[in-house]
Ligand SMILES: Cc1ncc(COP(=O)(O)O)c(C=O)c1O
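Have a look below at one chain only, the form predicted alone, in structure tokens format.
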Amino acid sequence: MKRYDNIVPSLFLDFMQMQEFAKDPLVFTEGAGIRLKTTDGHAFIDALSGVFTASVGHGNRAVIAAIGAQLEHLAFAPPLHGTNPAALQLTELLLRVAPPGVGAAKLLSGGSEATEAAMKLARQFHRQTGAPHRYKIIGRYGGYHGGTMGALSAGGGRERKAPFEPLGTGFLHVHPPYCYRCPFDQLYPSCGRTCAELIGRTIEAEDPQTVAAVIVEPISISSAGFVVPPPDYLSRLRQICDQSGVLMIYDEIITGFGRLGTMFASEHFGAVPDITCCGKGMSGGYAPLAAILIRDRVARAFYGEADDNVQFHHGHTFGGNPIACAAGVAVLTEILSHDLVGNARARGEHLRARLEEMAARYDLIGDVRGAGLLQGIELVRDRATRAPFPRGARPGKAIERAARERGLLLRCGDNFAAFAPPLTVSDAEIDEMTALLDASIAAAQRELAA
């Protein structure tokens, strides 16, 4: 590590205070399966798939070979002039696994690009179909759709947005379907799905002829919390959007490609969007890759003669890059050929059982929730009343510190901890992860009591 000591503070990492990070930095050098190694020789279990990304594990030889083979032929194709076989092969695969009704895809480099593209596509769609005044985008408080200005504007996490405000115009927000801490102080299902109905009322209050789209994460996990909606929330939201002529956008950057035990969250929840944003696990972390998947009824508005000028007016230099697309093809092939979606479903049940067993022993675990291999716990001061810890206590961060000391990397907010291991994970590896979590919770509990 000494070789890098002087340069570490000069590299700005994501959401990281570099002065603090430099005191005890993590510099990863190797990865295999669910495990990572650092320059100082420490080994870690990656219980988060990097950032919900390493879907087929680290060091996957089939993906590495596919990237190497593509490098031998073509590393970059000029996107203003044409495409390449890897991009076409990936598009063919995406259309095969996409939600029903999808007939087109736009290839991109990352999640923020995908959500930005989806919102731009929605606005242009309405302009080209006789509703040019539809421009407003409705998002949710606590949601996170990426770090670029448009994505931040659609997101609802104050800690991410505050340093950059004022943000874009035409973005509205409603409260999320957070049943454990309902913002309307109601209980599901007697609540009548107030969280969904509020979106319909917001569309009406704003005038439906001014609203272009609603963008939601099917399951939302950010520093603002871990929100799993009730099972009929998205199907009701689908009805509301249809009744109002508003496009429905899913941000499936995290939940797509098997994470929930289904290929996409739209299958898990039984409600298909007009535009699906996907990325992360799509390339397994082997190359920057994302996409938007577009239903036929929307895509049709973008086909015409040259003089019609109705093509999607959007592009990125590395969209459809042959190296990234080759990685995507290889990762999707691994997911399909090894039934990693089924593995995520089965191993997710095992993970859920382990977390629920821990919840029975630790009073600070108020709730266990999730789907497939995206599971987490909410941390509370009093389980009976669901009273949270005081703002400065940050029990999730105490667990995160204890877990790192024990060689476990997971996603922790102030009041939650979540797992999202690679889709290749085994029951034995889940047992190893949860044993380390158990020890970390015990340590954190002692720290909080001190």
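Residue numbers here begin at 1 and follow the sequence given. Small disclaimer: the values here were computed from a predicted structure and weren't measured.
Just so you know, the form predicted together with this ligand exists too; it's not on screen, but the next bit is about it.
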Is this ligand in the model of the complex close enough to Y144, D251 and K280 that every residue in that trio has a heavy atom within 4.5 angstroms of it?
yes
Can you pick the one in G110, G200, P79, P183 that has a heavy atom within 4.5 Å of this ligand in the model of the complex?
G110
Is the gap between D274 and this ligand in the model of the complex 4.5 Å or less for some heavy atom pair?
no
Listed range touching this ligand, judged in the model of the complex by heavy atoms within 4.5 Å, from 161-169, 129-137, 111-119, 304-312
111-119
